[in-house]
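Only one chain is given next, in structure tokens, and it is the form predicted on its own.
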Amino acid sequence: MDSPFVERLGRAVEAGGAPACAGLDPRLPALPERVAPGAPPAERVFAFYHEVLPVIARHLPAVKPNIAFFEAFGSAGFAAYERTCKLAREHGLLVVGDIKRGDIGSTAEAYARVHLDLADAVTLHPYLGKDSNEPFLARCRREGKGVFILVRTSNPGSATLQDLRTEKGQTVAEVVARAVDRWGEDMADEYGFSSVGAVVGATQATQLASLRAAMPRAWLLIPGVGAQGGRVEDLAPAFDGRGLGGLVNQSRGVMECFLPSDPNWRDAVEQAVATFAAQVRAVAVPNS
């Protein structure tokens, strides 16, 4: 078995890497015009990542491909997702498959089988309870895979359910956070973190400290920086004194930082990724 996902992530950060990842959300209108012009959409998408993944790997330890943007191109798009995940791992990047699955029984087992073969970790829904996540948790225990359970998300409408309070006064998000901590209590790595992490949106910074306290063992995957309004400088409560515990994601701010007509788009991506990495590192380890 390879080293567990969370250990590899911790070692990458300990070695000086930024606790951050780039979101891969391919949109055709945003792709560089010079990348595979005239090719089918899914081929253009893969051609873009073929050129940009080595750039990302120089600055970040991980990527987060969002499967919906690939599936929009049909079977060819799913094939591009598979190829992108494989290529990212060949470049030494950890892959967090943003699949947001959540089902039960044999359906969950099928999802866990395919998606944790493609990625090192995946995002999951908690709404159906632990049994919907158990096939994924089994692979965490057996093979060192990772999961990130949706706890408090970035979107404005999330409060409708996630901020509802139970009879005990806890919000639904807090109830899920405590479940995340229980589900991962037997999977601690050498750094004290569990293979069971949580998604907490960067736009929910006011709740970050309390959710961190409820999930002391969990890596927090933190989307929503940039276009969605989240700010890196508000995310310090996610990290421990070693700079571990938070994995900040940015998508459009680094992957769409250029005009499609710009011939120097690779340089623009490199600068954007390097700047993002430095921003996160400064917040995670402020005295480094």
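One rule holds for the numbers: they count along the sequence shown, beginning at 1. A quick note: this is a predicted structure, and the numbers were derived from the prediction, not measured.
The discussion below concerns the form predicted in complex with another copy of the chain, not included here.
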Which residue among A202, V196, V122, A173 has a heavy atom within 4.5 angstroms of another copy of the chain in the predicted complex?
-> A173
In this chain shown alone, the residue from L87, A209, A138, A79 with a heavy atom within 4.5 Å of another copy of the chain in the predicted complex is A79
So which stretch, 188-196, 212-220, 157-165, 139-147, is the one near another copy of the chain in the predicted complex (non-hydrogen atoms, 4.5 Å)?
-> 157-165
Does each of G102, T107 and T153 have at least one heavy atom within 4.5 Å of another copy of the chain in the predicted complex?
-> yes
Quick one: does H91 come within 4.5 Å of another copy of the chain in the predicted complex, counting heavy atoms only?
-> no
4.5 Å heavy atom contact, R252 to another copy of the chain in the predicted complex | yes
Is P126 a contact residue for another copy of the chain in the predicted complex, using a 4.5 Å heavy atom cut-off?
-> yes
Should E134 be counted as a contact of another copy of the chain in the predicted complex, where contact means heavy atoms within 4.5 Å?
-> no
Even though the chain is shown alone, can you say which residues of 71-93 have a heavy atom within 4.5 Å of another copy of the chain in the predicted complex?
-> E71, A72, G74, S75, F78, A79, E82
